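Just one chain follows, in the form predicted alone, and it is written as structure tokens.
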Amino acid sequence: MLQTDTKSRIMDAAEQLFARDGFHTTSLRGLTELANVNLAAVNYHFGSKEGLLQAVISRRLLPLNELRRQKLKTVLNQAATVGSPPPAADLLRAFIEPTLDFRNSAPGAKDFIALIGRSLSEPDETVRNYFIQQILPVFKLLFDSLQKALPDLPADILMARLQFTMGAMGHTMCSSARPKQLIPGFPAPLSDTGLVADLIRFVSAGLEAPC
């Protein structure tokens, strides 16, 4: 078995079990059995269980963050070319579209979404802290860019509204990663394309609302 295959199998198994059972509850023995590798392989490749967690998060978030960063920079560069503030809706789209497209980007993506969703509601901060470390630079870029788009909006109000936006996006990701449920007497859920477009319209209106 190639070394890269071993590492990938371990990360795939960890992603699945961390999402289903939680980081601390998952045993290395159960994880390595699922990955079909020996027990020493985790320490050999990742140094520790915490090192494995960091690798699982980095594997998904680093490419996603780079894509979001590129799209945000494109909006900023286009605005600078014409000498106008960047449109807030375009900045939100640059951040939100890749995030929601991530759901179908690769096998295991939905397990990763479940893992992050679980970390945001559990009292233990281990997974949450690693996630925040990874996302902070691109979140800061989004916040700074929105300050250019909405210069009259106080920074504390912008931050609060951006947190509302992240909450709406996170809920949409977690709920849409599960099979769509039809509720008797209510309209069918939007398609993925319609969901993304309407979420951006919704959060843009809230972000740009007068104080």
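When you see a residue number, it is the position in the sequence shown, counting from 1. Nothing here was measured: the structure is a model prediction, and the numbers come from that model.
Omitted from view is the form predicted in complex with another copy of the chain, to which the following refers.
Name the stretch, out of 49 to 57, 63 to 71, 163 to 171, 32 to 40, where some heavy atom lies within 4.5 Å of another copy of the chain in the model of the complex. Only one stretch passes the 4.5 Å heavy-atom test: 163 to 171.
Considering only heavy atoms, tell me if D156 and another copy of the chain come within 4.5 Å of each other in the model of the complex. Output for D156 is yes: heavy atoms within 4.5 Å of another copy of the chain.
Proximity of L199 to another copy of the chain in the model of the complex, heavy atoms at 4.5 Å: Within the cut-off, so yes.
May I ask you to state whether S27 is within 4.5 Å of another copy of the chain in the model of the complex, using heavy atom distances? S27 lies outside the contact set for another copy of the chain.
Heavy atoms within 4.5 Å of another copy of the chain in the model of the complex: does L120 have any? Yes, L120 lies within 4.5 Å of another copy of the chain in the model of the complex.
Partner contacts for 62 to 90, taking another copy of the chain in the model of the complex and a 4.5 Å heavy atom cut-off: Residues within 4.5 Å: none.
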